Ligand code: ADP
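Single chain ahead, written as structure tokens, the form predicted alone.
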Amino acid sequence: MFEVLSEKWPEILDFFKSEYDVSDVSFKTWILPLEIKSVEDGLVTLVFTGPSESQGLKYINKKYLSFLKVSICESLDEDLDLQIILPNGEMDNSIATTNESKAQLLDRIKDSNLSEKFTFDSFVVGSNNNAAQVTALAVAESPGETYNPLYIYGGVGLGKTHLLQAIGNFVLEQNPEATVLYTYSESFVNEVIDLFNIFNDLHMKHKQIVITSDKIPKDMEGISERLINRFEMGLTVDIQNPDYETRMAILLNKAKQESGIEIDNSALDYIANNFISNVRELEGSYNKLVAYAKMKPGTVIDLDFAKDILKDMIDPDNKKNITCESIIEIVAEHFDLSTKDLISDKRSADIAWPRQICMYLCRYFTDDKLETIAKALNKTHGNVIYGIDKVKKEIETDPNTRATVEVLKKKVDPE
């Protein structure tokens, strides 16, 4: 069996990488250093010779062990167990981590100005933030080796701070010798004389730099052009407003963590449909419901309860806040598509036409610039101009198009 496994090992790794969508960086860092030691009595033993040794072993067991086992069993058509050890025979004893070592980790997290609650495990991934999450994890797994600097930008309350601190927490947990500093730009600038030289020194020494902002680098104010150029030489990714699916996933995730309170999905749906601009206000409205429910033991958080408690935050007399994101969701639902389809690169007529209607409605209902509309739909400025003009012409010449657009207008703004 050892010879068979050794022969098929490259094939197994290829299957594992593609089947579980493992990034090149993660594959190189954590999987390629695995070597086959033995196959005895139905137990496959691999040796990890990669970085961080015991900490790296702990990470592999947590994230990849079950997937590797499935890949091996499917390839060999055998029901086998799997264990991974270090070259000295040491196994992962992280389950028996002492309170002292946990306390030491928490102290290091505190000393780094981080919060232990911001981790990759607690970050809800959606179409709006997937690219940022994937690159942030790659940076955390191999700091200083790729995407350096990593620049994450997006509006208020969309998860930039969460990802930034998740990187720091991950690095501290995996490498006891690592030094991490989370700081605000104002504090950092006040403590050093020449930020440009500090940046260059850290970068030349392959120290990972991660920056977050609500603007792209070139729009940052009070920062020298040569430093902005340094920001742009790594990777810049953005986080957009969460779509409905992501908002519901965030709320359901929080609801799972509650104990002693019954929460109906209709209440969560109400929150997800009315708080759409960022995660902070979404979680804030949820927290308010839970706080009021705890004041009266036995209270069920249902739709009526949510409407009553949140009525001061959702004023029915005010016009509904219409955004490109809310329009995209309405159009997607009308045409029985996903929001991912509408903002994808797919060009088939069944997707391209609803996408162009989105462009038209965004221009009709919002004051957003064409560039903003283009960004929301993951398209170019020229695509938006073409799409809007096309829909305008169809409205003038085709009664069916005119009727469809009118229906969608009422869905966007029932007033």
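The first residue of the sequence shown is number 1, and the count goes up from there. Here the structure is a predicted model, which means the values were calculated and not measured.
Beyond the structure shown, there is the form predicted in complex with ligand ADP, which is absent from this document and is the topic of what follows.
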Which of 277-285, 229-237, 79-87, 290-298 lines the interface with ligand ADP in the model of the complex (heavy atom within 4.5 Å): 277-285
Contact residue in the model of the complex, chosen from N321, S101, S122, S224 - any heavy atom within 4.5 Å of ligand ADP: S122
Contact flag, M204 vs ligand ADP in the model of the complex, heavy atom cut 4.5 Å: no
is_contact(I250, ligand ADP) in the model of the complex, heavy atom dist at most 4.5 Å: yes
Ligand ADP contact at T161 in the model of the complex, heavy atom, 4.5 Å: yes
Touches ligand ADP in the model of the complex: L181 (any heavy atom, 4.5 Å): no
